[in-house]
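The chain below stands alone and is given as structure tokens, in the form predicted on its own.
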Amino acid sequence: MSARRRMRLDNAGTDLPVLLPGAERLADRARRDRLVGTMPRLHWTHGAVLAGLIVLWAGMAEAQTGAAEPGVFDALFRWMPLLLEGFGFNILISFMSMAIGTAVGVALGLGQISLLAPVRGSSWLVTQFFRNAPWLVLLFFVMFMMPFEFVVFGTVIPFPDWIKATIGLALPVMANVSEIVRGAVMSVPSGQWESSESLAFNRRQTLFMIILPQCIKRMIPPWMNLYAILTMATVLASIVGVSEMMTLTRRALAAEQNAFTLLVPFYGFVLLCFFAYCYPIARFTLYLERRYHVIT
């Protein structure tokens, strides 16, 4: 083979780097799929398409209403402030349930890794019971087993239904947070415990100064995902009479004459409110999973 032909082949081989940007994109996509899976990902355009379909249905219902009946959009705009107030109540319940469940769940999760067998066993039993119990059943138990009022030194203190619903939703959150904490602590390599022991740290110092700070970034993504699930589950409170968004939607429909034509617009508005609130949380959770991914 001549030297000129050999040089031409060598130069042809050096032309291959023009494919590197595409290869980098494929490698980045494969790496992202390994981290978050290959399941279909929601995009903001899906919400836009859903909103368009609901508006289209509402327009068709508007065209079918009679002259003496109120319009679909007029009814929706008239009830919208009340429905948004109910949605704010949903968010309030989710905040309080998440705060209570997180505080108790962290303690319960640490109890699952305790060196004391009674503490470890009882914490595991409580976690598994509330983690595998239906949320609606727990909500009913709390609603009907807790009193409607307390008497303290002759003073009657009412116990509202929404507080009992908050406690009922906090129970499964507590159990799931307990598992998140236990899994995060167990995912830390055992060498961290051994190194801390060699430096004369006791177990409490090792746990709170070395192990738990490393667990925070491991716990945040599943914790946020749990909050999104809890927010969507707050509509269960409507079954027990709490005046949140779903309850107010049913009351608004009952107050309208053409309730059948308003079903899709009203419930579609509820769906869009929850989608607009939970979708950014889901996207931010995926971002945190990619950023804080830890290879052990």
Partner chain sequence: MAQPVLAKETVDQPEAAWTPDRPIVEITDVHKAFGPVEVLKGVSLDVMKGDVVCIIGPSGSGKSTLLRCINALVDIQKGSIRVEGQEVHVPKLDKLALRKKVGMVFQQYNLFPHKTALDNVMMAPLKVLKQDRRDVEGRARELLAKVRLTGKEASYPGELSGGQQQRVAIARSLAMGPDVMLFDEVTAALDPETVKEVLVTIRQLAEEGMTCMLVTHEMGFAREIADHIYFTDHGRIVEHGPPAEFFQNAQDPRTKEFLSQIL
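Residue numbers count along the first chain shown, from 1. Being a predicted model, the structure only gives us computed values, none of them experimental.
A second form of this protein, the form predicted together with its partner chain, is not displayed here; the remarks below concern that form.
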{"property": "Stretch from 139 to 147, 73 to 81, 91 to 99, 211 to 219 whose residues place a heavy atom within 4.5 Å of its partner chain in the model of the complex", "result": "211 to 219"}
{"property": "Any non-hydrogen atom of S196 within 4.5 angstroms of its partner chain in the model of the complex", "result": "yes"}
{"property": "Interface membership of F201, its partner chain in the model of the complex, 4.5 Å heavy atom rule", "result": "yes"}
{"property": "S187 within 4.5 Å of its partner chain in the model of the complex, heavy atoms", "result": "no"}
{"property": "Q128 within 4.5 Å of its partner chain in the model of the complex, heavy atoms", "result": "no"}
{"property": "Sequence-ordered list of residues in 92 to 129 near its partner chain in the model of the complex, where near means a heavy atom within 4.5 Å", "result": "none"}
